[in-house]
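Single chain ahead, written as structure tokens, the form predicted alone.
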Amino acid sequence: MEKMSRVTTALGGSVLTGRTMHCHLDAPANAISVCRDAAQVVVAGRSIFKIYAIEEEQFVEKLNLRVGRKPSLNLSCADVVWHQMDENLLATAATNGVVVTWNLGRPSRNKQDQLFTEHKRTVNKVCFHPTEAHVLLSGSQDGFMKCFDLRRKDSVSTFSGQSESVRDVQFSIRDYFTFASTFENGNVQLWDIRRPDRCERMFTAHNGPVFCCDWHPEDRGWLATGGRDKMVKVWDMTTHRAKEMHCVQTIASVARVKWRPECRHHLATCSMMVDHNIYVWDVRRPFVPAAMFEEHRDVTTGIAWRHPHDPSFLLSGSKDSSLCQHLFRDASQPVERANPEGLCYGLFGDLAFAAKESLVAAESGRKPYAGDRRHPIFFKRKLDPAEPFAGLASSALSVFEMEPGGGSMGWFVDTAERYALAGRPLAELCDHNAKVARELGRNQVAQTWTMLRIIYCSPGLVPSANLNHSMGKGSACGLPLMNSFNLKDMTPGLGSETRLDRSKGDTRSDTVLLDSSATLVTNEDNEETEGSDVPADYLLGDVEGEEDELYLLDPDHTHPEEPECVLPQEAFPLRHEIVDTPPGPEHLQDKADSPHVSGSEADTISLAPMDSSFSLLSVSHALYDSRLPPDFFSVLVRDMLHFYAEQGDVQMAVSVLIVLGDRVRKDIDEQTQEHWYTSYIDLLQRFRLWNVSNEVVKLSTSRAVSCLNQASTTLHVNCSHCKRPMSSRGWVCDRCHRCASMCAVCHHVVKGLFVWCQGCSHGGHLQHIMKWLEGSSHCPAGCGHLCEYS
């Protein structure tokens, strides 16, 4: 663990020398603090309170402040601070609500000086004034902050944050009378110690509790805050309203934040749970830490820079019962391992490509040809040579723009807003979505919706009235034989010639069925539709059947409910030799007087043989099942969904998934569905289609997606009068017994839509608040808060 690098720093008349080292403690540490000469460090916890000397090679225990035979809760420390003006003065915050000061100059073993017992709950933080030796500030879980004068036995001021608990308090280094406090409701307050009745400024800094804050040692108005939302934010407090300057996204809740000395943009953080490492960030590069210390094996609870003017040494305490000194030179640097290359498509089709500067420089001299608008635009941040990590992993960015109108995504937005995904029968949904796609010029998508309607909504049954052809087993449609024919009129010549196409092996595979009520359309050789004037009383092709499907036509085997097909009993006539010249039209002319046998007539007309050598046969059963099984098209639909997803049209894939539901859900694995849904929802949110996104989540067939809008649905509100949290039993406050939904403008109870400020809890009717804020930025209730409505 220990590394052999050694640094010697000259600070005025003193010299700091050391290396990376650690020592084992008797118990987990909750907080640490360094004395002003950087030679000693105090470690405090529930079961430890010791002072260690920081020597060149190791930590040496100097003093144990836990004295006495009986353990006292006053010694169970949540925080400790060492005064930067008096090297003998310390203060601790106890878990029982007691604030204790310690005088190391006392000759006795017990160094305890004063006890302040005014807090009712655990004290989370104590802080000495940077220039005033006798001023001590504390923040407690009871929601109050107290200012103590060490020359008196009681507090001189009490500050009420109107919140559940105070997590941190810090005096400003530049402003004598100003201190900042952070709260569990996400607010940060600025106070003047001369005015304990109200705060000077309050703003919501984080989404959740704010655990820590730290004033910048050089920039007067910069305040860094860290919270449970895993973010570190830097605020400029010199402006009229707190302005967020930088935001660093970490991977866990931020427990401590400390600015790095002599480095304006660097700060160190540690996490409250999960992550055990200490990170040093450059706030201008918020996604990759500049340095990382990995010595601890449990949560880091306290960090402190060894000297206010030395950026090389960092001290830390942890729950793994260890105290470490980290040498910045020995820190691992994740930025060195960062990939300098990246590729990303913009929302409207623009392409951004980042690559190493050396690679880009070699091609930066190329000249785009005339008319090329997609030439790369090179730009990069101006590097500061004083920063040790400024030149690492820097990239040049190339942006390729789309041609004007080429990257329009209007069709995506229109489709998302106009598609119908539920609430109607499946046929209507398919027809509506096909119409929308057709109006937007997406003909392939429209045709797909039409085919889905045919597949899942058309019954597949073709009534005999719609057919005037009988097809053999070789027919691609597989339709049943439905009509009866008069074989007497089929002269040998005509019968032989009509089988010419069949003898060539033509199976009429191009016959298609448009829908359940449409007519049957064949190929060009035999174009014939229902109602055609061309006679249809002849048979195309050979008909085969099983023995149990054929019966002699007698009264016992009549099937009036089914159409009949009349065949000769003996056998089919032998095929004649194919002739080169087909018969003339006189054969057809001779049959002009014969009645046309349509499908409807075949159901009612009984045909009898005109020759004794013929008898009647009847096909009593349909040769093929007229309804396709429900799963017949499942593979086809599944492949279609994968096709659209691979083409990038995840909108179509998700829309079909929702509309078809269980019909297709079982054929696509859960992980693929979840990937499609999350991709589509991300696109909708990037286009700010929040309502459509929520509807997709609600209608999702994926369990992992359908629960997305069930998280973070609890809304915590405070009473606008007493500032206390409201209970879940109603809109009347349990403490002040007043209605919380009073409009600050008209002073009437709001019975409809209510809008309020998260900073001061005042609000009212939406229209009233909007009209008020058009002319004033202050709260209409007169509390002085700068409310914001956007």
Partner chain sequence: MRKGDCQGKTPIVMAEGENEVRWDGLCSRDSATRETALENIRQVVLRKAEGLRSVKETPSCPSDGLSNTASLDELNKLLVHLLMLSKRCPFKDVREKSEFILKSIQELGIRIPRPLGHGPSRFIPEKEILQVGSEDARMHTLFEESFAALGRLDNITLVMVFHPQYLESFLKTQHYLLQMDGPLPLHYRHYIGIMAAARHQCSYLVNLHVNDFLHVGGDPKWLNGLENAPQKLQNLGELNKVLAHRPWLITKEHIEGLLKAEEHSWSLAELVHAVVLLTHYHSLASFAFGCGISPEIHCDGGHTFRPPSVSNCCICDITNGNHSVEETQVNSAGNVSVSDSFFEVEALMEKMRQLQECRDEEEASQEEMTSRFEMEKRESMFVFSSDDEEVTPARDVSRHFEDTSYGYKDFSRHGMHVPTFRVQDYCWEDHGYSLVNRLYPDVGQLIDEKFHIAYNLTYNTMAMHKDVDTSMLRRAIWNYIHCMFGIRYDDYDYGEINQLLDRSFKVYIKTVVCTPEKVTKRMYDSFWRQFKHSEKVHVNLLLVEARVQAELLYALRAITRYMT
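Numbering follows the first chain given and starts at 1. In this text, all values refer to a predicted model and were calculated from it rather than measured experimentally.
Same protein, other form: the form predicted in complex with its partner chain, not shown, and the subject of what follows.
In the predicted bound form, its partner chain lies farther than 4.5 Å from every heavy atom of D639. In the predicted bound form, at least one heavy atom of M272 sits within 4.5 Å of a heavy atom of its partner chain. Residue contact check for N103: none of its heavy atoms lie within 4.5 Å of its partner chain in the predicted bound form.
Within this chain, S76 lines the site of its partner chain in the predicted bound form, having a heavy atom no more than 4.5 Å away. Residues placing heavy atoms within 4.5 Å of its partner chain in the predicted bound form fall in a single listed stretch, namely 292 to 300, out of 186 to 194, 234 to 242, 292 to 300, 448 to 456. Contact with its partner chain in the predicted bound form, judged by any heavy atom within 4.5 Å, is made by just one of R665, R201, H432, H276: H276. Screening H307, R228, H129, R256 for any heavy atom within 4.5 Å of its partner chain in the predicted bound form leaves a single hit, R228. Residues K120, R121, T122 are the ones in 114 to 133 with at least one heavy atom within 4.5 Å of its partner chain in the predicted bound form, listed in sequence order.
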